[in-house]
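The chain below stands alone, shown as structure tokens; this is the form predicted alone.
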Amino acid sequence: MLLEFALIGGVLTGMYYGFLAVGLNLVFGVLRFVNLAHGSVVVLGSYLTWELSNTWHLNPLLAGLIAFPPSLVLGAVIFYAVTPRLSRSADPEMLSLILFFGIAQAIEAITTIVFTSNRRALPGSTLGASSVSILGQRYPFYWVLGAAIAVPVFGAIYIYLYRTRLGLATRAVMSSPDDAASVGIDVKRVSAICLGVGLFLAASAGSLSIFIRGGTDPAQGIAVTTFAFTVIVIGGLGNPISSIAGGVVLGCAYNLAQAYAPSWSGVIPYGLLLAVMLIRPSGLFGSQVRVA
């Protein structure tokens, strides 16, 4: 029974982890930047969720919708403000790591000033239910809700990438920005949109992160980024759809560790990250990276 609970719970939480990481993978695939501020944006989404529920008494999931316009604007501002300078530097990848690390620290400082360093949490009942029965066992409702939201999110991303003109342009930029520009694709416009969408997906994931992680605090961003980065490394860097497979693998491994060796569960993300980098650096679906 414990094994069954851990595996089913791992799939449920793992699908959410894929949702948590897909924005990071999209940004990496298009811009080739590792957004170290990804987890901090998730934290911002969690605080927005807390404010909506605690202060305004609204459905906390509305945070995902409210975050859409400001995320697109913030993505465009960051892209057009810093990308030209990064592209002119001798080592844009390393400089981007420093830049997004600085953005993450700025977000953490601002959230600490506004919300203090105290941990904020919401009870699971805020979402309308406490648990759901699956195959005779009870699972937290927010686990099931996270998985249920992840399915249409990945469906929408698949349709966007493979059934729309903008998605075709996005995959062309993923494959080769120079070749994409040579056939008339506005690489800067596509990249700015993808950065905004990536930030929106991160903020939206924050509306559930406050429940799944048992609360939020300003210093949580680094741990969330590590989780998300582990997911995309397992699935395949630069392949957004593979994030759901990476999330399920991490979710099952993490839940099994919590069930049988809880004192070791904290090292699971780091152990999986190192193992994948050493054994299969391209990830489970690395061969699909940069498909045009």
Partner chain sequence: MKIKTKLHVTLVTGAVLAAACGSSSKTTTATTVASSATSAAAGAAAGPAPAAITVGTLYAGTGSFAVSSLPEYEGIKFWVHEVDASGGAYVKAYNKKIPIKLVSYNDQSSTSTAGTLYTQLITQNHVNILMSDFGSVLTAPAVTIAKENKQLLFDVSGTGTTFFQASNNDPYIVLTSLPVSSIWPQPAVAFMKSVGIKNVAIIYGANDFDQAQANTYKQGLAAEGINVSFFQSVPTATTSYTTLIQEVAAKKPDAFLELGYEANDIAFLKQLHSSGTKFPYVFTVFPGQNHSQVEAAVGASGLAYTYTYGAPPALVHNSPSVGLGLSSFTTAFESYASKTHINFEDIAGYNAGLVVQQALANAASLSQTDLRAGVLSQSGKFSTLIGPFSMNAQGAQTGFPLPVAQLLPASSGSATKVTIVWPKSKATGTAVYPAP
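These numbers were taken from a predicted model, which means no experiment stands behind them. Positions refer to the first chain, counted from 1.
Beyond what is shown, the protein has a form predicted in complex with the partner chain; the following relates to that form.
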Within 4.5 Å of the partner chain in the model of the complex - does that hold for a heavy atom of every one of Ser130, Gln137 and Gln258? yes
Could you tell me if Ser175 has a non-hydrogen atom within 4.5 Å of the partner chain in the model of the complex? no
Against the partner chain in the model of the complex, would Arg171 count as a contact residue? Criterion: heavy atoms within 4.5 Å. no
Are any of the heavy atoms in Ser263 no more than 4.5 Å from a heavy atom of the partner chain in the model of the complex? yes
Look up in the model of the complex whether Leu122 has a non-hydrogen atom within 4.5 angstroms of the partner chain, and give yes or no. yes
Contact stretch among 122 to 130, 195 to 203, 178 to 186, 150 to 158 - heavy atom within 4.5 Å of the partner chain in the model of the complex: 122 to 130
What are the residues of 187 to 212, in order along the chain, with a heavy atom within 4.5 Å of the partner chain in the model of the complex? Ile210, Phe211, Ile212
